[in-house]
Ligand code: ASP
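Take a look at this single chain, the form predicted alone, given in structure tokens.
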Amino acid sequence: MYFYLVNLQHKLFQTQITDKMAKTPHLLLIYTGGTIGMVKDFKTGVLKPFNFDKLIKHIPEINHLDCTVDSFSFDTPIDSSDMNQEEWILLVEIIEKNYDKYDGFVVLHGSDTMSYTASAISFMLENLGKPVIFTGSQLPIGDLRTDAKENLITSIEIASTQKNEKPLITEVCLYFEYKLYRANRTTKINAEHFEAFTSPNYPPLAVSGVHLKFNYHLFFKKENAAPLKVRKNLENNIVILKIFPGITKEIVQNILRIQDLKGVVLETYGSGNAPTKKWFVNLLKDAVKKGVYIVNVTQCVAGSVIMGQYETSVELEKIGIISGNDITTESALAKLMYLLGENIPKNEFKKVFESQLRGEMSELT
């Protein structure tokens, strides 16, 4: 099924090996591709894949961390722009096959679609009891001013942090530029600055400075100690429809009539407002009747959808549009793919989507 091969280099590097080796956190570093895994040939200026066998040479500070790390690399690094559901499944299978061997996982990924991938992985890994930390960089690891070193070192430190010999973090997170976020709450906001990501509707789980400060009360808490379940059925017949002033009937009609369309992430104005023109509402109504699930999310960077607050969203609520509350577009897309793949009964789907599953949205009140 997959044409990407992976190689596991056992004990790629080790740090602070002691007689209490059994208690030393053991991590798996998974490199999928992206800028963080590239180095520049200073003679030609061309970027080429980084040799992880030389990791200690480039980042000797790793020796100071109290953990051991193995590396798992895709044979062919994937630009994050080419990431899709096949690679997501490959990634969760790597974690699934190695879940009992390691105390945590650090995933190196290109920043452009990191929020999409990390959000999807959060839904695909049910009952997660170990950290899965996504990170990357804006500059290659060998550049003089690179942000790759700090992002990688701190991600490893966070993933290896334990309390009572158990992982402190038990969810999918994204670490970038001194902040640890819940992954399915993030969005990329800048293509040039080191502070590339934000979590508009949920505070950071940890902040790195002189000290690494964890905000324990914000952690996602498992309700039980159930074993890990890996969900691999994803429905990708989904579109994102962004409303804009002047959008025509033909555009909306053609999108909603796509063959085998199963779901729509509808990006509306403000707190969930959309055009009130009869043709627009009727097209959405017809799509819902045909079994297409439509989720209402806001175009705003922060804030939430409040269905029925204004007249312009009352009609949407009446015809059965699902409220995305304060979920991000990236997370809404991933959640829709995941839930559609689970074949949830039609009369339960809206309620399930509007419920918090992995901390991706606030509970509706």
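A quick note: this is a predicted structure, and the numbers were derived from the prediction, not measured. Numbering starts at 1 and runs along the sequence shown.
The following text describes the form predicted together with this ligand, which does not appear among the structures shown.
Taking the partner from elsewhere, S80 is found to have a heavy atom lying within 4.5 Å of this ligand in the predicted complex. This ligand is not shown here, but in the predicted complex it comes within 4.5 Å of a heavy atom of T35. Put simply, G263 is far from this ligand in the predicted complex: not one heavy atom of it is within 4.5 Å. Looking at N273, you'd find every heavy atom of it more than 4.5 angstroms from this ligand in the predicted complex. Contact with this ligand in the predicted complex, defined as a heavy atom within 4.5 Å, holds for exactly one of E177, D286, E93, D112, namely D112. The listed set S208, S73, Q138, T187 contains one residue whose heavy atoms approach this ligand in the predicted complex to within 4.5 Å, identified as Q138. The stretch from 252-260, 103-111, 158-166, 228-236 that comes within 4.5 Å of this ligand in the predicted complex, counting heavy atoms only, is 103-111.
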